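This document opens with one chain alone, in C-alpha cells, the form predicted on its own.
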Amino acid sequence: MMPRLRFETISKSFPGVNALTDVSFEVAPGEIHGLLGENGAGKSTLLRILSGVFRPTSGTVFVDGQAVAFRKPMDAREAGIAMIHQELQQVPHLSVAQNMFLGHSLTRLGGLLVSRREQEARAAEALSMIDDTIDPSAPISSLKVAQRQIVEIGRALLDKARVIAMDEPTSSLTPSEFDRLAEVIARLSASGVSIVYVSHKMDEVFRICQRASVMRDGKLVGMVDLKGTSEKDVIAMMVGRELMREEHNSFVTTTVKLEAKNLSSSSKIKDVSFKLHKGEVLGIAGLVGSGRTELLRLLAGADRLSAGAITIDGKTMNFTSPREAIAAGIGLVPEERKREGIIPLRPVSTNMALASLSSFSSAGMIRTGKLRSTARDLLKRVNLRPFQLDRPIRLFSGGNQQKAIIARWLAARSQILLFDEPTRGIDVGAKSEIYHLIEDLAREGHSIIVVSSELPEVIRLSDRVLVMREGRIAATIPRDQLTESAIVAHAILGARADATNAPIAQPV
C-alpha cells in the first residue's frame, strides 16, 4: 500500500543548531502513528515542516506518493494536511463556525458579506461526523477544552484533511474527555484519515497508536510496533538510558508544619481541614472543578479566606497577598506555568530570583554577582539543561522551566511547596527528574502538597492523598490503601471525611 505520508531524509538547520538530521519514516492510510521523544528531540520542528511553517534544509515530504514543498501553512492545508496545536489557535469571542472558517470565510455579493448561515450549515455537517452536540453558532469560549479540540478536528474535516497532526492534544483533558477524543480519532482512522500523534503520556500512545517513530537529538532512533514493545523499552529509546526506578520513599515526620482549619472561600472551598507534616508529600486528587487549584491558591495567598484559619509552626496566618505567603515560607508552582509562573523574555536566572529579589539587592540595585552565583548553584542542583543562565526562559523546554521555578523557591528558602500539576506538558525524562527533586526536597524536611490529574503520579509521589469533591474533602487515603480505584470511587461518590486526624505514613 502506498504510504499516505512519507518523510525522506529530512534535515533542518538553524544558525549553530542542527534541529533535524536525515529523518525518514512512513505513515500508512488510516494509521494512528505516534511521534515520540523528549522535549528538544525535533518533533515540533518536523511538524512545522509538515504544516508549512518551516522549509526543510534538505530532504522531501511525500503525500500519497507526490512530493510536496510547502512555502506557507496555506499550502499544507490545500494539500490535505491539518495541524492541531497543544495551545488551540482559536479566537474566543467568535462562534464555533467562525473559528472553523478562519482565513477562508464563505462570502456572498462578490465577497462583501460573510455568509454566516452557510458557514454554520457547513460547520454542522462536519461536526456531525464526530460530535453533533456542538452548536456551530455558540461562542467558542463557552465550550470545554475537549469540545474545542473536536472543533479543531471538525475544521480539519472541512478542509478534507488526509493527514491530521496532533501535538499534545490531551494536555488539558480529563481521563473521560480523553476517552471521547480517542473514539473520535478511531473513527477518523477508520475513514482513512492518517493521524500523527505527539504525546508525553505513554498510556495514551500505547492505547490508540499502532506504531511509533522515536526521536532523540534530532534523529530518528527507531520505529516500533507498539503491540510488541514495552513502555519501558520505548522510554529507554527516547531518553537514551533507563530511567531511575520509580519507587516511593517516605520521609514524613510527626511534626505538624501547616494546619488548615475549616477553610472556606467564595471560590468553591467549603470547610476544608487537614494537617501537613514536615517531610510529607501530601497528594490532592479529584475531578476537574473539585476545588484542588482553589485550595492551593488559598494557601498561597492568591485568594482570600472567607472563613477558617491557616497555622504554620503553630502560628495563625491571615494572608492578604501572595507576598505575605512567600514571607511565611510558602511557594506555589502554578498549573499555568507559561501564564502565571514565568516572565518569558527574561533570563532564566532572573526568573529564578523573582520571589527573593530583595536578598540580591542593595540600595535599590541588583547585586548581579550574588544573583548569578546563587543561580549557578541552584540551577545546577535542579539539572537545568542547557545550562545557560542568560538564556530567556521561554526558550527552555517545559521541564526545564519547571526546574527553574522550583529553584526560585529554593532561593526564597520556602519550606512549604505547593505543586499544581507539576508535570503537565513535560516529557518522560524530565518528569522522572521532577519526581526525584520532589522526593529530595521531602528528604531535606520540606513539606509538600502535590495536585495532579494523573493518578499514577499522585500514587507515586504521595505519603497520603486527600480526595476532593465539590469543594470539600471527601476522603483521606493513607499510603497503604492508595489505589486508582479507591481515589476514583471517592472522587465520584465519596462522602465527606474529616482529614484532620487521618493516619499518616510511619515517621522516619
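The first residue of the sequence shown is number 1, and the count goes up from there. Bear in mind that the values here come from a model prediction, so they are computed numbers and not experimental data. In this text, the rigid core denotes the largest set of C-alpha atoms whose superposition between the two forms falls within 1.5 Å.
Quick note: we don't show the form predicted in complex with a small molecule, though the next part is all about it.
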query: Interface stretch in the predicted bound form with the small molecule - options 39-47, 461-469, 62-70, 438-446, non-hydrogen atom within 4.5 Å; finding: 39-47
query: Distance check, residue 292 to the small molecule in the predicted bound form, heavy atom within 4.5 Å; finding: no
query: Contact flag, residue 155 vs the small molecule in the predicted bound form, heavy atom cut 4.5 Å; finding: no
query: Contact of residue 397 with the small molecule in the predicted bound form (heavy atom, 4.5 Å); finding: yes
query: 4.5 Å heavy atom contact, residue 17 to the small molecule in the predicted bound form; finding: yes
query: Contact residue in the predicted bound form, chosen from 261, 391, 160, 187 - any heavy atom within 4.5 Å of the small molecule; finding: 391
query: The small molecule: the contacting residue among 175, 386, 240, 344 in the predicted bound form [heavy atom, 4.5 Å]; finding: 386
query: Residue 322 C-alpha shift between the shown form and the other one of 2 Å or more, rigid core reference; finding: no
query: Residue 402: Cα shift of 2 Å or greater between the shown form and the other one (core-aligned); finding: yes
query: Residue shift check between the shown form and the other one, rigid core fit, residue 19 Cα at least 2 Å; finding: yes
query: Cα-Cα shift for residue 399 and residue 440, closer or farther in the predicted bound form, minimum 3 Å; finding: farther
query: Outcome for the Cα pair residue 440, residue 398 in the predicted bound form, compared with this form (closer or farther; change of 3 Å or more); finding: farther
